[in-house]
Structures are given as C-alpha cells and as structure tokens.
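As a starting point, one isolated chain is supplied in structure tokens, in the form predicted on its own.
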Amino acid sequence: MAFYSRVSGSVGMITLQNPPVNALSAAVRQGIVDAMHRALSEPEVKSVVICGQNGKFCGGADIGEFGAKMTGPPLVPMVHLIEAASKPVVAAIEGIALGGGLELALSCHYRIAHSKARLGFPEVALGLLPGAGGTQRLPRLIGVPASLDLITTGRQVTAAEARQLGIVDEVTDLNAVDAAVKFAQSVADKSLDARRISTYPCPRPPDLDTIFERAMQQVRRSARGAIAPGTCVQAVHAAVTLPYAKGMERERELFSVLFNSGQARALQYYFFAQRAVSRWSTASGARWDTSKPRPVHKAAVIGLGTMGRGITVSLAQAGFSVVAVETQEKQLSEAKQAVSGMLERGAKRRGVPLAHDKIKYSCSVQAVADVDLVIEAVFEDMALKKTIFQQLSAICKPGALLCTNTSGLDIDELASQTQSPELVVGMHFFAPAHVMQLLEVVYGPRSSPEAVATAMQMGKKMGKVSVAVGNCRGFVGNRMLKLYLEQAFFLLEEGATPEQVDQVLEEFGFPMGVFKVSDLSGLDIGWKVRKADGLVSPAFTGTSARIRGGSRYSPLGDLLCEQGRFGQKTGKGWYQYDKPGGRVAKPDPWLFGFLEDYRAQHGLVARRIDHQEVLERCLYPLINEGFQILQDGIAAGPEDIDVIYVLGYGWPRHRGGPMFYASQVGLDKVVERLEHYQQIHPDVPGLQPCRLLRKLAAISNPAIHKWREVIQKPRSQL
C-alpha cells in the first residue's frame, strides 16, 4: 500500500509501504494513484514528496505478480498521472530506485537522492526491458550513449554518478526525505513546463547510426544469444526516432515480445531459484529454518596455492580474521605477494579500505589452534588431505569446524580421520575463488545440521551463493560434467572436430566450449584423476583401449597428455596457441592428423555430425545425470542443480539451467532422444534414461516447481 500524510502544512507525503523493497504491487500502485488524486484535490497542498518506508525508495515491479492476472492500476497510466500533475512532485530516493522504482522517480518533476542510494534498470537480467517509459524518458534526460549503457547492461549507479549523469537533481548525506520536503517547498510556485521529461526532445548526436550499430555489436558479443539486450537497444532507438507517444507504443510492443518469451520465463525462474537454494534441506531432514549456525570470528586456510589464495582473499574481504598457513617457505612468500595484489585490486574496484590487517601468515599448522573454522585447500590428494585432517583434529579447539575445499573427494572418508566427524563439511569453491560466486556446501552422512548451517552462512557472508549438496563422487557439478566431457570425446572419435563441438556449445550460450575450457583448466588435471582411478595404464591396448569396466571409454585426453599437450600452459592441447600461456585458440592441423590416425587404428569411420546431435549428445546425458542426482537425494530440488550450473559452469542464464532447459524442451523428448542414442551406443550407460526422468516424463511433463512433490515421495515409488 501507499500511506498519505501532510507535512509542514503544505507538502503531501506519499510513503510506499511494501517490505522489504517497497515493490510496486497492485495495492501499492492503487495507493499511489489514490494519494495523488487526494494531494491534487487538497488546496492547502502546494507540492508532493514520494518516498519509501524503512530507507528504501522502491525496488521496482512485484515479480511475484508476473504471470498472474494483473489487477490494480497499470504502471504506465500511473506514471503519466504523476508527470502530468499540476503541483511539483519530488522523489526522495533512499536505498534503491530500481526498475519500475526508477521509472516512478523519472515521472516525478524532481529527484533528491541520498548519497548511499543506488539507481538502475536491472530488467534485462529478467529477460525484459523497462516497460513504463524507462527506455523513452532516460534518453531524453541523459542522452543516448549513457542510456544504452545502463539499460542494456542492468548496471546500477551510485547517487554521485546519477547526479553526474543528470538523473538526479541533488544528492545529500543527510535525511533524503527531509531534504526533499524542503526542496518541495522551495519549488512550490515554479512552473512545471520544463520539468516533464516526456516533453523533452531526445538529443540526436551526429554519429547516431554508428552509436546504435556499435551498441548492437556489443550486445551480440556479450549477450551470447540472450534477446533482451538487443531489444533494449531497439526500444532506445524508438526514443530518438519517434515522438514520445509512438515511442511508448513501440516500448509496449517490444516489452510484450520479451514478456511472453521462453527466455524471460527462464531468467525469472532463475531469479527465484537463487533465492530458493538458501532454503536448504538435507536427505536426513535438517533444514535451513531449524538449524542454527555457529558464530565464526576467526578462520584459517591451509594451503596457499591458487584456490587457497582466493579463499583467503574472500574471507578477509568479508571481514573475518584469517590465519593463512603454507608450510613451503617459497610458496608462502609468493602467496603473500599474490594475496596482497588481489586485495589491493579488490579494494580499488569496490571503493573500500584494504583488508591486509585481517590476515596473519604462518608456515606452521599449529597456528590454527584457536580458530573457529578451518578450510583445507591443498591439492586433490586423498592421502595428503587425510593426514591434514588427522593433524587438525588434534590441534584445533573443541567445536571448530573442519572444512575441505575438494571438487569431488569423499567427505565421509575425511571425516573418519577426526574425533568429531559431525564437524566436517565440504566447501567446494570455484576458481578463481575470490571472484566466482558459487559455493557447493557438501554434507556427509555424519555432518551435523549446525555445521551445514555455519558453512552456508559463511558462504553468504563471503558474497557467495551457497548450495547444500550431498556427498558422492563429484558432488553435483563435477558429477554431471563427467557425462558432458565423455560425450564430447566420443563425438571426436566419431568424426567431429574440437572447434565444431565448441562452436555449437558457444552458439547455445556457453562462454566457452568444452575443449577450450579443458585447455584453459589444463588437460593434466583430469589425467591425474584418471590415473588415480586406474583408468590410464600401458596395459590398455588394442580392443581394451576403448573399454573400461565393460563400458565405452575414450583415451583421447590421455593420449594428448602423453604428448605433453596440457592446454594453454604448454601452448598446445585441443587447440594450438602462439606460446605457452597464450589465450587465443587456433585449430591445430596436427590434431586433425592425430584424430585420423586414431580412428584408423581403432577401425572407426568418420561420419558427418550435425549441430543438433552435438547439442543433444553433450547436454542430454548431463541432464539425465541431474535427474539421477535428484533421485539419489544428493540435491534437494532442480533449482539447486540449475544455480550450480549457471554460476559454476557457464550454463547460459537465459536458458535457466539444465533442469529448466529440459522442462522447456519437454521431458518426453529428452527421454526419446536418450533412448535413440542408447540404441546406437549400447555400451554407454549414461544414455540410459533414469527412473525419475521417465516417471516425470510419463506424468505429462509437470511444471518444474511440481517436481519436488514427485521426488519427495518414498523412493520405492520411483
């Protein structure tokens, strides 16, 4: 709702009340319209201030109303009513003015912002554009280039930048509502003819065509198939080329196209999925709302390689005191320098003080004796990690949480090395750990609800999106990735090239294809894991070279590593690079010859593989494994998997995540294509549709939010 009052005798105050961000729900819109009519009808009222309750102006439209039958006054007539008012209307912007909230502010005649306020149009992240005149008013106010930047990226600006751009009239460090009331009194008798933005001519720079051409090129490069950014450019173009009323019609048409698109549904699903993962639950029944986290003031990181350094930076930036331990003197010295540089760059970027004083370095594990939580971040070697957990169990104070940054090793095996297995959880960070938003919090069968809650809260404080997952080989992300990589290798055996596979995946929306990612990560990492698993051996020759445990296996990655081709670090992998450490991938003629020889040696005949097969073979087995993970209770719901894949593995956000994508394709279609490929490749178990996928497909492809009802039924029913 919106509450109306009179202040200082002559100022009508309209206060938006809809916690937490005063979103423009039907009730709020109705309240604003009613309050405006009242303010305009009262002779004593000379000017009006619009503000939000609890220090927040307005976070925009109420996303919960999307898809429902719209009630209450529409937003566009409401902002036109405000702009057309015969009395000055001043927006008092505290906290945020985002999306529809900024459109509301732009319909006011003046805008006063608190210095800590943030303003922006984030609609593009939901697959939409500002649909209440934002694309028409903003260019008239601040020009085309600045408007294109804000609207196509969703970037939020500070009050200072908003003042510089001309979005707000004044910025104050004091109470913005008080300042707005004083300002409203000072402009009470002034003419409003020059204050209605819709009447402004839109500035037309001489190089207008070039500006729009560049903007379109930029969004095509960065959007990777998302349609909203390009549609935003079209809407801003309408502001320059059409009269205001016609521009509004064009904005409405373009908004409607986006609103009804599958991409908008995917992005809005993902928006809610990110919130859903914080309401975690485990297979044993522990839950977010019944498990209390422990307080953590002091944390430790063991091992200062690439991951350990990133984790240390994340902890320090989040305000924790950190003990950073590295037993190798040379590595410790290098780590200090690297961490210092990362902190300086981070502080500069975020405009905050340095956090150097938060970190104490040591070359002795004994230094962690008094910390509340330890994150072990040595390299992936079970024997080494076991030794460290034995030491930590003896050194750490009672009740200290012992966490491991592992990408797939057994949490329970590590917990068994300690006196308190209930205090052991996995915290799987993604590289670079101080940048990547995702954190998989892995609970073992003995991890206490309190330990899981503490790790989840730690992740949140570090600015991560934490997802609670069960303990199994590879957890969620890497367990599914194995199937994706496997199929990519098989496609090369059958006639594809690395650049063909990568091109299809990049056109789908991944920032990098599977083979480019392998070269970036280093082919030797997977090779070490396969060696440890006994999959790489000189004994595998002839017919046994392509079979492991009765199933199809591709040794292509192993053979490349035997040639010393580890990817970017050596200048050669699936692609060639100008030099070791080079970044630009080029097709390698050597590899074509290598693949031809390999096929000839194993009696494989290359065939033409089309775009659709690459997509289905890479994505559907990965999706199938996701359903198996849900069936096994490793992830509580499809949202957990989708958030992990979007944030950790580059799955395009505008496709919602692998599980949402499957629901859009149709689960029956996914089953049918998996069965088709399984008939052709009976020696690939990952192509066998899992029981949960079959069950959901059989009940007419239910909406994704209904899947949990089926998953949570007794397992025997699957």
Ligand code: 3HC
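It should be emphasised that the depicted structure is a prediction, and the values quoted were computed from it without experimental measurement. Note that residue numbering follows the sequence shown and begins at 1.
Another form, the form predicted together with the ligand, is not on view; read the next lines as being about it.
Contact annotation for A61: at least one heavy atom lies within 4.5 Å of the ligand in the model of the complex.
Interface residue remark: R118 is counted as part of the site for the ligand in the model of the complex, having a heavy atom within 4.5 Å. None of the heavy atoms of H611 is located within 4.5 Å of the ligand in the model of the complex. A residue is said to contact a partner when one of its heavy atoms sits within 4.5 Å of a partner heavy atom; P20 meets this definition for the ligand in the model of the complex.
Only one of 534-542, 337-345, 94-102, 161-169 places residue heavy atoms within 4.5 angstroms of the ligand in the model of the complex, namely 94-102. Scanning G470, P229, P122, G459 against the ligand in the model of the complex with a 4.5 Å heavy atom cut-off leaves one residue, P122. Of the residues A299, V89, L129, V313, just one reaches the ligand in the model of the complex with a heavy atom at 4.5 Å or closer; this is L129. Residue R279 is the only one in 278-316 with at least one heavy atom within 4.5 Å of the ligand in the model of the complex.
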